[in-house]
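Below you will find one chain, with nothing else, as structure tokens; this is the form predicted alone, and questions on how it binds or moves follow later.
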Amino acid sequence: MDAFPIGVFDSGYGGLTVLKELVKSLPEYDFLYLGDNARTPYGTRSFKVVYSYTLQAVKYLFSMNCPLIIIACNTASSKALRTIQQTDLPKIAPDGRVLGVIRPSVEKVAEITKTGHVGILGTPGTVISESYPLELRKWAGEKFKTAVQEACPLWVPLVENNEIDSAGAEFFVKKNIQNILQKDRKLDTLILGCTHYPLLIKLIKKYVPANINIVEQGAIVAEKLTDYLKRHPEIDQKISKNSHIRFQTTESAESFNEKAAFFIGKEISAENIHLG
């Protein structure tokens, strides 16, 4: 049986939190998850390197018959997506589609913010790219007033080393949230601009005031993708629907399986592949 899955790409494990929500919303669809764990993290790498790595992954997923690819990595979405969509896609897969996680998050912010004062918690790479403020100005229109950002370089390592309940995690989550709250007293919406961060949600909610909306990407990307497929039946009909999920990683499959279960909430079996 031929498979034409939705490709889901991430620099490592974080995109599994998005995949989990996609499968929940679209259980009949086939998915192929690719984690570039051998070269993670992307968050501290240059635009040129992130673009090169992401393009390799996109080309690979198209070679695996994916008609649609979700870049479930904020750093790759911010540093590589636009160039791939505008420059590379017409040459490598003119009938394919590549979507990211930033625009769906921004569209959701536009729906829920009342004050127009928005905060973004992200990796250094995402923060430096200014992608969220740029997209907020573009898509949130008059509802958007201002954005403040806070780089959280230690949150991803804390999650990936299963330290989410540690004193260290509490210290850095509290510190970064206090920092961003001090930057703008009128914040009413806070974007978790990294797919690892939902695993810290218990701590995040502990230090974020109840009147501030917290935007988690997984459920939002799933909601927006479901809507996208309804509006684009020509893409939807290309995707196979056998409820099959395949996992691939550029790192050790055994190591990936062990950590991935923590992110997606179930045991999985991945294959090792090589990019570049």
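This one's a predicted model, so the numbers in the text were calculated from it and none came from an experiment. Sequential numbering from 1, following the sequence displayed.
The next section is about a form of this same protein that is not shown, the form predicted in complex with D-glutamic acid (DGL).
For the options 81, 156, 204, 106, the one in contact with D-glutamic acid (DGL) in the predicted complex, meaning a heavy atom within 4.5 Å, is 156. Figure note: of the listed segments 164 to 172, 137 to 145, 190 to 198, 90 to 98, the one touching D-glutamic acid (DGL) in the predicted complex, with heavy atoms no more than 4.5 Å away, is 190 to 198.
Taking the partner from elsewhere, residue 35 is found to have every heavy atom lying beyond 4.5 Å of D-glutamic acid (DGL) in the predicted complex. Contact between residue 40 and D-glutamic acid (DGL) in the predicted complex is found at the 4.5 Å heavy atom cutoff.
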